[in-house]
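The form predicted on its own is given below as one chain in structure tokens.
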């Protein structure tokens, strides 16, 4: 098990190392190593590595890890392999708020924060609608999430149509497509407290997540407070999904496909599974971001679009040929 986790960690490190070479300015291995060893040396190479490429890699890793953890939490809680982190309406609520903010002329640096707050607010509303007794009803959660997502998607479509300038419509579409472009250390530091809180809650939820695999009734017989475990999982997944949206917009398929890949490598024990999801999600998103910058250079393909092209065939293959399990 440790060897498999080490292999996944190595894949993430290799993806990050390869991504350092991707960009408009070609750099040699000597340039990269020298800049990494002397971060405050100054010069163009150090600036490119530490102020442009390294923060982008870290943002991509954070987004991939957050979505992967959120996906495996919700799939485990609902025992449904087709669930993704955006089921709770986080993405749709954030997208609608950002679209309206752009239409209102709100300063661009404020948009991620507005999206984060709206995403969490939407998750709270969905949780309230799904509440049943002391816990969460899975069917109500799915119905509420899908319904609110459709409502907010309509708001986004209306915002794009009513945008007074092509620039505003382009900004909205850029958030919908997902991108790491222009993200830096400042963006990462802004969401770090919330992402860390989500990761901490996810770690606390591990025993409950393992118990829920056998069903709510059986989990109660082994002493699990099912309602508390469900609320904990929902809170963790909402914080993580909202943080990823604030960082990179809507990045699909990572939270859906990565948990299935990780399960095939380390099994279904949540203790190893969450760690495997962190490394796998980070590796996939870093690699996808690097490809998005090179496949149509000097232009950039939105990472959400690229992952859809990759994720849909991969998911269909797993579903029809290998079978899926939560």
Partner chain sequence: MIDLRDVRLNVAGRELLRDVDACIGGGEFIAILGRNGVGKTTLLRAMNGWHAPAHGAIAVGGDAIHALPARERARRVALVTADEEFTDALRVRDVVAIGRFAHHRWWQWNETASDEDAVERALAAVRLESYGERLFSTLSSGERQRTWIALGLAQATPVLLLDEPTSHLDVRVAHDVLSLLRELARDGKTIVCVLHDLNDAAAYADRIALLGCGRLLAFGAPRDVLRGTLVEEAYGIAMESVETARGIRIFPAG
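Positions refer to the first chain, counted from 1. The structure displayed is predicted, hence computed values, not measured ones.
The next section is about a form of this same protein that is not shown, the form predicted in complex with the partner chain.
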{"query": "4.5 Å heavy atom contact, residue 196 and the partner chain in the model of the complex", "finding": "no"}
{"query": "Residue 290 within 4.5 Å of the partner chain in the model of the complex, heavy atoms", "finding": "no"}
{"query": "Contact test in the model of the complex: residue 223 vs the partner chain, heavy atoms, 4.5 Å", "finding": "yes"}
{"query": "Contact of residue 252 with the partner chain in the model of the complex (heavy atom, 4.5 Å)", "finding": "no"}
{"query": "Listed range touching the partner chain, judged in the model of the complex by heavy atoms within 4.5 Å, from 64 to 72, 281 to 289, 268 to 276, 24 to 32", "finding": "268 to 276"}
{"query": "Contact residue in the model of the complex, from 129, 138, 206, 160 (heavy atom within 4.5 Å of the partner chain)", "finding": "206"}
{"query": "Contact residue in the model of the complex, from 109, 134, 215, 182 (heavy atom within 4.5 Å of the partner chain)", "finding": "215"}
